[in-house]
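First, one chain by itself in structure tokens, the form predicted alone.
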């Protein structure tokens, strides 16, 4: 009497099993995208703007996480690349009348190319010296944005940046544009998820852990160093292409060196080398200060104190803290990033 029950249960179990390529990180991204699609309803225009800004900054932090967290290359130019993408999109859409999708692709290609060129110093210098190279580049881009008024508008910036449309549907409203940002961010996150699990991602990680051993295993460390810089820069360009129509006005201040340090803080606080770390880090960097505004002028001091305590308690960031808690609950000894 028991044999038929066993045979009927086994096929049912096979039917319910998920494909091997789907993991918890991908399911988390899908669930988060669905939630974020509906969350802003009733939040008002400013609350929706803050959520959209969080996602845009998450895209920029995703690129820096690839460069620093996976490939181990220190960069202080992420905000500069974001500025290049933002200004390229603003000029192409508002001055030349190009549609946003073409401008988005051009911004990504432009920052990828610049990142490829900037990556060459990474082949010759390491660690802190590489950070100095990107620091100089970040300062140079900020000076260009500020002083070349004929092109960038200087300190007066560029205004009236149009928002894109989707198959004739205008996305001028805060909620409609937020949902557009959710879709673009989800697609970029899935591309990065696939990349990290591909041989490229394993090569990046090997480069971070031990470049000499990676080279002895046949990994072309020169090519992957350049790719890490270029792809991370392209993600900053994509973030800039989303940022420009979100705020509809840009000036040099959001792309200064201090903003690059802030993006670096988001990577570290969220968890460098964790795929979901950029979302947590950007949440701490963008949304937490808004929640703390009830404290008035003290909110920045409270924010700095929370971040310092977090980094002291968990150097691996919030993702590392969550992973340790999950492993303790499930009895596992390791985790998947």
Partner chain sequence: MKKHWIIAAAFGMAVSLPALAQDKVKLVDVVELSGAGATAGTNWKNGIDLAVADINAKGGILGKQIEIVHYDTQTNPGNTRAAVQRAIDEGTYAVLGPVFSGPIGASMQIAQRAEIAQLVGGEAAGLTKQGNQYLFRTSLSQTAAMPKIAKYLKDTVKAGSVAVVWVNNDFGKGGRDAIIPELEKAGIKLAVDVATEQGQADFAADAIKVKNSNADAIFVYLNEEESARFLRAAKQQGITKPMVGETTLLGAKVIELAGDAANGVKGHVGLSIDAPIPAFQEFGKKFQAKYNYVSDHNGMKGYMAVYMVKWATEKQKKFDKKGVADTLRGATIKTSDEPGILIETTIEKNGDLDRESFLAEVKDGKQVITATLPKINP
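Residue numbers count along the first chain shown, from 1. Fair warning: this is a prediction, and the values are worked out from it, not measured in the lab.
As for the form predicted in complex with the partner chain, it is not shown, yet the points below apply to it.
Among heavy atoms of residue 248, some come within 4.5 Å of the partner chain in the model of the complex. Although the partner is absent here, residue 112 is not a contact residue: none of its heavy atoms lies within 4.5 angstroms of the partner chain in the model of the complex. In the model of the complex, at least one heavy atom of residue 259 sits within 4.5 Å of the partner chain. Heavy atoms of residue 33 never reach within 4.5 Å of the partner chain in the model of the complex, leaving it off the interface. Taken together, 116, 120 and 208 are entirely out of contact with the partner chain in the model of the complex: none brings a heavy atom within 4.5 Å. The stretch among 306-314, 285-293, 269-277, 24-32 whose residues place heavy atoms within 4.5 Å of the partner chain in the model of the complex is 285-293. Only one of 179, 197, 163, 74 lies close to the partner chain in the model of the complex, with a heavy atom inside 4.5 Å, and it is 163. Of the candidates 155, 151, 187, 136, 155 is the one whose heavy atoms come within 4.5 Å of the partner chain in the model of the complex; the others do not.
Scanning 292-315 for heavy atoms within 4.5 Å of the partner chain in the model of the complex gives 293, 299, 300 in sequence order.
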